[in-house]
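Two forms of the same protein chain are encoded below as structure tokens; each is given separately, as structure 1 and structure 2.
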Structure 1
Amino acid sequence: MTSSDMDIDEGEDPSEFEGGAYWFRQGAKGAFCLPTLILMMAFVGFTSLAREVGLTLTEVLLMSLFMWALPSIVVLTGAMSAGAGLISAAIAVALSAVRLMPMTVALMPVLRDGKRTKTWHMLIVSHFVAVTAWVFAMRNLPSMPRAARLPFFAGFGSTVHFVVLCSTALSYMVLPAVEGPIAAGLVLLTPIYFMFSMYQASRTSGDKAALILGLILGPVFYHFFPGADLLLTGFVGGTVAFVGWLFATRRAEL
């Protein structure tokens, strides 16, 4: 919906218009893949939790639509069910969503097509930045022509978003409360899927080192500095991995 507006906006040159619409459709087709299915299952696990704590269907859908980041949605659900105040809930959610900032910073240079990409386009498609779309984009976009990347990502992101919203609504209304081992399995899906897809999306040995360091440092910082643990894990783990990779690959230049 938002992205078709974009195509019209770029429509002065007919071939450009065709190109954008074509890549948008390609992105939409690309959305029917395993990662989307896994995300749908993970949201099924969330609807089960949401019903348990008494969220309505409208609230569940609004959270999915406006936030579009499962870990943060789970944090807000916890805060709302505990009757937390607005400010403390906002701080908890903001802390859990900090990761979206470096993810967006890392994705934008891949998406941008020089000066032809308008900032408001970037602001709109940035809404689709979440682990699933980010991993998919970092893996698939670099091999595409620059002009194709933004419409492709918009098509992919909006389709995944729409499909997951539909399946979330359906599972809230139809599925009985999932319990026991299956429910635990659905919750485990998110971290397991994140882990393997991050590994596949890593481009350099530096990225792989960052992944492994983050897995180790995360629990350590959580134990010693709860609250600031994710930021610390990102900065310390990422910087150490980056510096190590720099020394390993460019020793001659340094």
Structure 2
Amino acid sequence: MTSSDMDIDEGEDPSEFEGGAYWFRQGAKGAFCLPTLILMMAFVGFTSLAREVGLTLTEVLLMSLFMWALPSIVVLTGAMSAGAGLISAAIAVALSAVRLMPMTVALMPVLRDGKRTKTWHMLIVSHFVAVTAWVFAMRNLPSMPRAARLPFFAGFGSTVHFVVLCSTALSYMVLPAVEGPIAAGLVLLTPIYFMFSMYQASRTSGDKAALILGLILGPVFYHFFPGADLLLTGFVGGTVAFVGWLFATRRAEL
């Protein structure tokens, strides 16, 4: 779904179109889409893993509510199952969440509407920054009026959050335990969707090259440097892709 696909509801007052309430509702409607379904399925896989570890429904819901990003939740679950201490678990979760910092930095200027946007507005919606919401926002918000972006994203993020929490609780209580490989596959649905979405949204050949190099270098660095594989993959793959793209661009200009 893109902003151009959104239909104006019959009976809506046109004077509302620039209002925050209208765009919040539009964002909430936009939450019922394929990315949300994929995220729900990923959390179904997580609930199965959580049950095996021995987490209660309350613990699962609190982790989903306050941490939100599924990779960080899985890392914390793994640390708890391994008997890791509080400090070790906190460091592991913090490292897994570092990737959200550049995503948030890239999104905030898109959301901000000059002096009309308060700091506390940004702090609230920053909680919704994760793979699903970020990809959706970066593909749809730039084509919207600036005044509409923050309420639209707030509506989208809060609705996705609520729907996923409900589906997580339901799957924990109703669905039988899923086999380990199947549960792991469901958890991986979100990063797979993120990868294809990023490739589709890539604007330059350098962006596409970085993703392809990441796929190639990831297993290699995991084999030789298992503790620093992700960091090395991003640094080496991104640097090589950027330098190659810069060189090709300069050469084409000659």
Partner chain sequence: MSEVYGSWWWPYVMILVAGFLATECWRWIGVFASGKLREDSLLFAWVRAVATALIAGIIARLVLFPEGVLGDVPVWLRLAAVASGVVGYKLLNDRLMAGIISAEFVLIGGWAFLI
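Between two forms, the rigid core is defined as the largest C-alpha subset superposing within 1.5 Å. The first residue in the sequence of structure 1 is number 1, and each one after it adds one. Quick caveat: nothing in here was measured; it's all calculated off a predicted structure.
Colleague: Is the form predicted in complex with the partner chain structure 1 or structure 2?
Modeller: Between the two, the form predicted in complex with the partner chain is shown as structure 1, not structure 2.
Colleague: With both forms fit on the core, has Ala210 moved 2 Å or more by CA between the two structures?
Modeller: Yes, the C-alpha position differs by at least 2 Å between the two structures.
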